[in-house]
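So this first bit is one chain, no partners, the form predicted on its own, shown in structure tokens.
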Amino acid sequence: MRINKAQAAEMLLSMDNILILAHENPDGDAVGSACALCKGLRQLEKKAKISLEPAAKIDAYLTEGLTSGDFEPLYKVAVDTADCKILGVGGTSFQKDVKIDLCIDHHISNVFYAENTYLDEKAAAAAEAVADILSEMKIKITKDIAECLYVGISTDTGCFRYGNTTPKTLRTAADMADTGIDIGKINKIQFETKSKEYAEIEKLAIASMETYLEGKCAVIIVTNEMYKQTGIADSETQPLASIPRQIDGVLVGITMKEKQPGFFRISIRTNEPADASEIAKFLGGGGHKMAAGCSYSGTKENAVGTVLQYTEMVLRETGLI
């Protein structure tokens, strides 16, 4: 059932012993949203904890002290997760079909898998929606909560460079800045700090780039062998997704990551007016117009061919080629 902000706040105020989940391979928005919500609930002296798959090192500092809690969860809340199929349950005893009592999300592709869903598809990030709910609950936005929310909002807006950034997004970020968080430090950690392993795999990924469809599609392939060669954790490779669409003339940038032999996680990033979600849905995925994801099992050649087939179909149907 779809609910409004007031109903979501009322639900959370009535809950206790709460486990907060997010999508697999969590990004800064997933981590920031989960941590902010957990800290807000604890401010009300509720028992709450998070259970996330390993995140990038730059996000890990937000989760300190939030993964523990001596209680059996009675309620489960998911943030920034459009479908239970991508629920991050690695390292936990939970299954992807676990009952979710409340979902807080901003993806227009949300399939309403939870018992109750607060969906703000106009929000630039799930953290923006979480900030609204915390405000509705009259929770004081402390410096440590603000830091989590700012990480989430800045991540999904590309540090406010993407077209999903709205005046409300900027006002929310300004409210976070008013608490005294060190924006310069956060931005440096989130957007300007790379490990040596990431620098190496970025070099290999860029070397793999090929363009197709009259130069309007660029594809990067990160193979399982590259992971082994560099020793990098997959959670650190998220910035690769934005590289292909940065090429002049490219409408669709595709990054294919072979986390396991023969299994590819596919990130699709587009420039206007191409629609990433329209491409992803053909492979059972979804997301936003400018950013979507899906997966594919098979050989590298078949994976590339299949994704290009659907990309060409969507671009032709919309008159872009």
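Each residue number is its position in the shown sequence, starting from 1. The structure presented is a predicted model; accordingly, all values stated were derived computationally and were not measured.
What follows is about the form predicted together with another copy of the chain, which we do not show.
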* Is there any non-hydrogen atom of Lys122 lying within 4.5 Å of another copy of the chain in the predicted bound form? -> no
* in the predicted bound form, Phe191 touching another copy of the chain (heavy atom, 4.5 Å) -> yes
* Please check if Asp175 has a heavy atom lying within 4.5 Å of any heavy atom of another copy of the chain in the predicted bound form. => yes
* Partner contact for Tyr118 in the predicted bound form: another copy of the chain, 4.5 angstroms, heavy atom -> no
* To do: Would you mind picking out the stretch of 98 to 106, 70 to 78, 243 to 251, 131 to 139 that comes within 4.5 angstroms of another copy of the chain in the predicted bound form, counting non-hydrogen atoms?
  => 243 to 251
* Among the candidates Ser235, Thr230, Thr165, Asn110, the residue which, in the predicted bound form, approaches another copy of the chain to within 4.5 Å (heavy atoms) -> Thr165
